[in-house]
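Shown below, as structure tokens, is a lone chain in the form predicted alone; questions about how it binds or moves come after it.
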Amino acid sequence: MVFEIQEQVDLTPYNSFGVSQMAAYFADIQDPADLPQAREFAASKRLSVLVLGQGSNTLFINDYPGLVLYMNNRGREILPGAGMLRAAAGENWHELVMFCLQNSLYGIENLALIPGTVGAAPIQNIGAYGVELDQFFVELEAFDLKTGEIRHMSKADCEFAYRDSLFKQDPGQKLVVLSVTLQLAVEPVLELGYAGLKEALLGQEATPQRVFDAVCAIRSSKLPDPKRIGNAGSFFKNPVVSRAKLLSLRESYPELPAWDTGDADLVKLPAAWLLDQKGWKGKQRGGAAVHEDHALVLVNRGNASGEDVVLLAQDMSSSILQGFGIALQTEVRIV
């Protein structure tokens, strides 16, 4: 495919919320070798650059005045060395999880059905059902838009944290992920401790395939399909608070759930539970609404603008701050 930069491209197909905004310039990057040319084009016109995968964690509230790089490079390779795998940034994440199962590579079954691409996975440090990407991460390749160089980045370089990484901070926003290398297990390694998953497997012998199937069933029952109704999955992060804060809250809400974080002084609270206490399920603002079955999921009822979604999210955050003294943070990238 000949490399080209398109003008005035509708971004509706490139974000799972399905909101309609325009990109001034747009490049479909199927070959990373085209990135230097895209970089030169952006520099010549003094354009900002936005890197986009499948847009499953992005909300546009305005037209984008710069250059959108749609990372669409493909390829999966089992490397020498037990359990080593490299995948291109444009690969679909869920399809990679299935590929690993088919090739007896284990560990990421709990991350099944997370929407988005391989390249987005380290940016968000995706996680679900007791497993996070950084547990299996070895390195990634990235193109530096600032210098034009290819960088090889270790786990330490990426500065992973809960739903966070270097790539969400200023130093990392000029880096375009090209590929990710993972170290998986060649014998089953099962994580069954997360609420709901253990119950779903009750009475069955736990296997990687059954964990995969159970996770897919749970996610499908809780989260709406973006192909049917626009959404980006969980809109807010689960807040982390001090144990003292938890004890204070349990004086009024003794049933408040909490999870250990690995830090004796901190616990994680379920944002969905907090929102449920304030009755947010099903509430609507403009064309945006909170899903009837899951208070963490904001949806596009068909005609929502990005602004509708943001204003609804702000109202939700304000109610949690006023009611619990907790500031919710968004998982979704707002552009």
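Sequential numbering from 1, following the sequence displayed. Everything quoted here is computed from the prediction, not taken from an experiment.
Another form, the form predicted in complex with a small molecule, is not on view; read the next lines as being about it.
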- request: Using a 4.5 Å heavy atom cut-off, indicate which stretch of 224 to 232, 181 to 189, 258 to 266, 95 to 103 touches the small molecule in the model of the complex.
  value: 224 to 232
message: So in the model of the complex, is the small molecule close enough to Leu52 to count as touching (4.5 Å, heavy atoms)?
response: yes
query: in the model of the complex, does Gln30 have a heavy atom within 4.5 Å of the small molecule?
result: no
task: Please run the contact check for Ile108 against the small molecule in the model of the complex: heavy atoms, 4.5 angstroms, yes or no?
output: no
- request: Answer yes if any heavy atom of Gly127 is within 4.5 Å of a heavy atom of the small molecule in the model of the complex; otherwise answer no.
  value: yes
query: Of Val176, Val211, Ala87, Cys158, which one comes within 4.5 Å of the small molecule in the model of the complex, counting heavy atoms only?
result: Val176
- request: Report the residue, out of Lys245, Arg219, Arg151, Arg76, that has at least one non-hydrogen atom within 4.5 angstroms of the small molecule in the model of the complex.
  value: Arg219
